[in-house]
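Only one chain is shown below, in structure tokens, and it's the form predicted alone.
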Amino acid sequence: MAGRTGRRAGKPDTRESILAAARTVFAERGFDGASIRAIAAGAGVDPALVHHYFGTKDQLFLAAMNSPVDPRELLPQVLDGDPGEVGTRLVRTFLGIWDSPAGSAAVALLRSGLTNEWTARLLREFLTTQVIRRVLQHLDLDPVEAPLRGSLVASQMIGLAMMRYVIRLEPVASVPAETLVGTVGPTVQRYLTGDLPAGPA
């Protein structure tokens, strides 16, 4: 991740005030509805100072989430290649993060989301706007179907993370990652590009 989200010269309490305001605004309005101006107002600072500390809204959101990774740096390895294998590559990349040193921070976020409504909202926004939306846009899917497809993918990915890293259900918790890639990946691919059942008009 670019260094714009790191600590900069200035008062530490200013930076923390911006982050606190950002978490509130992002949780209340969602990523799309949040604005740098609203976050600056909540922190009692000039919008230029928000940009000074954090750069773009995307970078501020990642800092507010305390995200251990920047999805924009990882998504090319998911999206490049055969569109029919995106689901498999997504699961492989996802597990690679959780099984890496960054995984402990991801587990902490997931555990917090189970008991804290604000964290749950932020996690939902992170997953849907920073990851799944970008995957769906790359695949150029029917916009009417995209929300359901995205929700199905999210349910599969978070469910997998819960069983493997939080609840630690065996043998899911200890099998090699590639075993899960080979079994869960095709399901995620079906959610992304497979036929959906016809619903009510």
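Take the two forms, find the largest set of C-alpha atoms that superpose within 1.5 Å, and that set is the rigid core. Position 1 is the first residue in the sequence shown; the rest follow in order. Note that the structure is predicted; figures quoted are calculated from it, not measured.
Just so it is clear, the following notes concern the form predicted in complex with a further copy of the same chain, a form of the same protein that is not shown.
Residue contact with a further copy of the same chain in the model of the complex: Ile36 places no heavy atom within 4.5 Å of it. For the chain shown alone, Gln137 is not a contact residue for a further copy of the same chain in the model of the complex, no non-hydrogen atom being within 4.5 angstroms. a further copy of the same chain in the model of the complex comes within 4.5 Å of a heavy atom belonging to Leu110. The shortest heavy atom separation between Ile132 and a further copy of the same chain in the model of the complex is within 4.5 Å. The three residues Leu75, Gly84 and Pro101 each lack any heavy atom within 4.5 Å of a further copy of the same chain in the model of the complex. Residue heavy atoms within 4.5 Å of a further copy of the same chain in the model of the complex occur in exactly one stretch of 23 to 31, 43 to 51, 58 to 66, 147 to 155, and that stretch is 147 to 155. Taking a further copy of the same chain as it sits in the model of the complex, the stretch 172 to 197 comes within 4.5 angstroms of it through a non-hydrogen atom at Val172, Val175, Pro176, Glu178, Thr179, Leu180, Gly182, Thr183, Val184, Pro186, Thr187, Arg190, Tyr191, Leu196, Pro197.
Relative to the superposed rigid core, Gln77 undergoes a CA displacement smaller than 2 Å between this form and the one not shown.
Shown in the overlay between this form and the one not shown, fitted on the rigid core, is a CA shift at Thr93 smaller than 2 Å.
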